[in-house]
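Let's start with one chain on its own, the form predicted on its own, as structure tokens.
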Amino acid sequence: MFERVEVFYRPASVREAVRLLAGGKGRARIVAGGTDLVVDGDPTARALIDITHSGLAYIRKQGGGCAIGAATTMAELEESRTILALGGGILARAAATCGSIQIRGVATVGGNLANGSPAADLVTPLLVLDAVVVVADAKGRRKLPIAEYLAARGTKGLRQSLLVEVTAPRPLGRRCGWSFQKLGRTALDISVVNVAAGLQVDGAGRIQWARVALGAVAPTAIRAGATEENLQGRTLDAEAIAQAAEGVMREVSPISDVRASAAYRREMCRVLTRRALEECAAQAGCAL
């Protein structure tokens, strides 16, 4: 699988990991859980850099939100009280769907994002949480909104960068609701479609803000901007939810592959968005 790998590194710091990555001249690969890297079996890899000893496995409270190190595992997210308290536990729920218990024990937050799969289960919850990623390179550290990171992940500007942290701010306001919905061929399989949603209503049941993100239906996971805009200011009722669910079908561009046809994915966007918004409504105290 890695017959051409010539050297294995285990840096003790982010600075050392970044230096090794830059010195790899495009042929060094980052290893943490390795669940994606092993499957890919990249024949161009000549050096592997194991970051599990670089101080990147942590979950910290940060101004009401949280900071998550890139080497944090899915199992640690799933069990963390801090993550369970963030956005109704939406991120913990997503982590709990990422494969078997054995996979969740080694698969990491950073790997789930950096691999760039449009079906990555953590990405849609992080999009609705307005998360920001921190990347490090030879010039230092910088922050990027997660959508910007996903769009630029494979470009020259980020190719020699290491994803070191994900931060999620504290969701503002009362009467909020959150949901993560996933459809896979089996309980352990990757998403055919996944949807995350969050919203807030006022005392009269009017939507103050809404966020809807969809995975496995475009080149990267996306926010349904038009649907979010159409929901804002409306009364959260069955009609608003039905129209939003229909609306997301016009915002996605799925493909057909071995897991599902494009038409099926588009229809499942409608179904899962409806379910997600209904769950949000129930959490926010709105009777439908």
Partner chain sequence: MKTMELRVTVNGQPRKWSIGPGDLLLDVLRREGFFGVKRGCEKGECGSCTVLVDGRAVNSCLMFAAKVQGCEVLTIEGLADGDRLDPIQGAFLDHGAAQCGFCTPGMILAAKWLLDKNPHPSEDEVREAMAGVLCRCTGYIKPVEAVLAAAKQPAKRATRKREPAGVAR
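Residue numbers count along the first chain shown, from 1. Nothing here was measured: the structure is a model prediction, and the numbers come from that model.
Below, we refer to the form predicted in complex with the partner chain, which is not included among the displayed structures.
Going by heavy atom distances of 4.5 angstroms or less, which of Q200, T167, Q160, T82 would be at the interface with the partner chain in the predicted complex? It is T82 that has a heavy atom within 4.5 Å of the partner.
What is the one choice in A138, L172, I101, A218 with a heavy atom within 4.5 Å of the partner chain in the predicted complex? It is I101 that has a heavy atom within 4.5 Å of the partner.
Out of 200 to 208, 139 to 147, 101 to 109, 114 to 122, where are the residues with a heavy atom within 4.5 Å of the partner chain in the predicted complex? Stretch 101 to 109 is the one.
In the predicted complex, does A75 come within 4.5 Å of the partner chain, counting heavy atoms only? Yes.
Consider G65 of the chain shown here, and say whether it contacts the partner chain in the predicted complex, taking contact as heavy atoms within 4.5 Å. Contact check for G65: no, nothing within 4.5 Å of the partner chain in the predicted complex.
Mark A282 yes when one of its heavy atoms lies within 4.5 Å of a heavy atom of the partner chain in the predicted complex, and no otherwise. Outside the cut-off, so no.
If we define contact as a non-hydrogen atom of the residue within 4.5 angstroms of the partner, is V248 a contact of the partner chain in the predicted complex? No.
S179, R234 and A238 - do all three of these have some heavy atom no more than 4.5 Å from the partner chain in the predicted complex? Heavy-atom distance to the partner chain in the predicted complex: none of the three under 4.5 Å.
Sequence-ordered residues of 18 to 50 touching the partner chain in the predicted complex, heavy atom within 4.5 Å: The stretch touches the partner through V31, A32, G33, G34, T35, L37, V38, V39, L48, D50.
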